[in-house]
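Shown below, as structure tokens, is a lone chain in the form predicted on its own; questions about how it binds or moves come after it.
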């Protein structure tokens, strides 16, 4: 048994599960503060207007081909006054978007930071190119990068970040300013985070459940994307078969006199139907990209959970160290050693320490205990604040996710219904052609 259970109680404070009423009150209070801030989108229009392929030398002085994206910004006030000025514009590489997001992840660990689109196409149907220089892929990534910027600009906390604003408005010197923040030195190593995950003794049930949810969401969304890719492959085949119908009907019409016109018209309907598959599957990719965003969001959720585990682990380690120091003090004062230690063996072999030595050690321990209590207090406050702010943003993310995915799934269903109606219409038209023969 430890000499003093006080620090253990302190360690739990930073991780106490709040009641639903307390949590709701915390969220409301924080949201009131958030509403005082102004979204950047109320001041500025932001878009990624186009992509451009360029050639240059990389860090090892080798020639490379890369893509840059044109970011355009325009003051909202100028537009509302009836004047539409030319937008300010600058070019950014994908790697610069990555640098911005890494900075935001480190600087705002309590925020579910929007993900970037994939660097190379994954989970695609076989006719879609996985080449990251493919024009269709570059165009979809341009749209996704614009969505990323709009997510950040509309976030109640991130929209006020100075580095983000400079990313949008100043082409030169931006990288230097990011590195000057020292964010890289603050980044928690993945090994350290994994160690905390395995060794934390008092995890918050809400964050544990959230981590499990993010894993399950990732599994479900990836399965849904794979099913869609398989369906797209089969759909492509079905449409192309209709092209074969068109060819056969046209060839048949050439050898018929009475039936020729009707067969030829039916063949034209089949050809038009077969040709429409590319536009349909391109529209499907738009919905697939919306799902992929939330596939990548799952890692952002886990990043918040890992940071909480690390914060809680550091609190528990500080409390454990304080408990140890208090036990050492008690042993020094009473002269009794409760556990086996090198100090106890040394005392038995070489005799007890002098009163002066004990007094000096006692003063050092008292100073260490005072510092330890302050450290635990600070870690406790840090943990409490992290839980409060992180959970507010998690609730914001949940609302956003439910709204976005509901809208995407409904739109996808409407698109499928429309596609089926077009198929029915094609065969209805073909039937009318056959009736006229």
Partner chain sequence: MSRTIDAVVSPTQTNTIPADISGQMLDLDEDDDLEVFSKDSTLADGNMFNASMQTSPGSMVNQCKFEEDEEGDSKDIFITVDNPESHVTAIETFITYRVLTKTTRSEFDNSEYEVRRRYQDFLWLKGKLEEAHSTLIVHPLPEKFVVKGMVERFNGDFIATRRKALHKFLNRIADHPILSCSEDFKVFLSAQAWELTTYKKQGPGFLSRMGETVRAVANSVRGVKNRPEEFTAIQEYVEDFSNKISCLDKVTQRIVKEQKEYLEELKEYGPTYTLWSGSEEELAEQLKGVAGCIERCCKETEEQVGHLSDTLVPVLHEYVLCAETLKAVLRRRDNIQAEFEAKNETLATKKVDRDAESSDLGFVWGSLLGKNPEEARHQRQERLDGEIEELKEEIDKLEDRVEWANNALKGDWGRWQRSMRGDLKSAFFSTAEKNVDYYEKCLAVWETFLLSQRTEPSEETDRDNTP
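Residue numbers count along the first chain shown, from 1. Quantities reported herein were computed from a predicted structural model and do not represent experimental measurements.
Quick note: we don't show the form predicted together with its partner chain, though the next part is all about it.
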**Fill in**
For its partner chain in the predicted complex, the stretch among 100-108, 310-318, 229-237, 157-165 with residues bearing a heavy atom within 4.5 Å is 229-237
**Message:** Can you work out whether residue 402 and its partner chain are in contact in the predicted complex, taking contact to mean some heavy atom pair no more than 4.5 Å apart?
**Reply:** yes
**Message:** Against its partner chain in the predicted complex, would residue 406 count as a contact residue? Criterion: heavy atoms within 4.5 Å.
**Reply:** yes
**Prompt:** Does residue 217 reach its partner chain in the predicted complex, with heavy atoms at most 4.5 Å apart?
**Reply:** yes
**Message:** Please tell me whether any heavy atom belonging to residue 412 falls inside 4.5 Å of a heavy atom of its partner chain, as the geometry stands in the predicted complex.
**Reply:** yes
**Asked** If you check 139, 299, 256, 171 against its partner chain in the predicted complex, which one has a heavy atom within 4.5 Å?
**Response** 256
**Asked** Here the chain is shown alone; which of 221, 210, 322, 112 has a heavy atom within 4.5 Å of its partner chain in the predicted complex?
**Response** 221
**Asked** What residues of 287-317, in sequence order, lie within 4.5 Å of its partner chain in the predicted complex by heavy atom?
**Response** 287, 291
